[in-house]
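One chain comes next, on its own, written out as structure tokens in the form predicted alone.
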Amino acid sequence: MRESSSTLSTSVFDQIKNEIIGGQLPQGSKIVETELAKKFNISRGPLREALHKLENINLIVKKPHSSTQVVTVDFELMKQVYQMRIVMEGYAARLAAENMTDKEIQGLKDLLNTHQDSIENAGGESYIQKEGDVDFHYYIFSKCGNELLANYLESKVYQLVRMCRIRTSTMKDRVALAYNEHSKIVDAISNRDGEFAEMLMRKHISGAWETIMKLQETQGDS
């Protein structure tokens, strides 16, 4: 049985998304529909549907009077992403402490345990999180009880965050610190202390941004 147009589009959307996040499709590279259609053995209609979805989650951009390109996550865009995260994910953590069920909180604790195992298996060298509910931050905002907030973070910010994280996920000093900060956020949520959970989340994301700024300065000096 042949795959439906919608199924093909979703499959190609996932493949291109993963190639952008992973860097196989370089930032700023031109999107050439004929090449992608041939590569994925797909007709132009489903391909354009996939590209439209990628544009909606900010992974590709249309330049006025020019071509469609893979997004370039430069310093200014990262700055805007982290500014939004500090505010929105901070408040999502507050809401999570107030609204998560006991079962969801236990799921968050279990998730953190799997992350600890993953870090140990990597010799403490990396803290790379997969997409979706196995991602600490995604888990929290997706279960914060505010559907509009969660949907906005997922559809407009989350994939850009994943691209930004590549810069810090293998920095050894940041690995241990990020895990410890995650643990404290889980404790605050578990204790139903929304104010403290928000403060810790904002501090955690601010720290990640400071790391990126220092890295940027170092690379600029080299």
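Not measured: the values here are computed from a predicted model. Residues carry their position along the shown sequence, with the first being 1.
Keep in mind the form predicted together with the DNA is missing from the figure; the text below concerns it.
Mapping the unseen interface onto this chain, Leu59 falls outside it, with no heavy atom inside 4.5 Å of the DNA in the predicted complex. Proximity of Ser155 to the DNA in the predicted complex falls outside the 4.5 Å heavy atom cutoff. Gly45 belongs to the set of residues with a heavy atom inside 4.5 Å of the DNA in the predicted complex. Of the heavy atoms in Val32, some are within 4.5 Å of the DNA in the predicted complex. Between 174-182, 156-164, 190-198, 65-73, the stretch whose residues reach within 4.5 angstroms of the DNA in the predicted complex through a non-hydrogen atom is 65-73.
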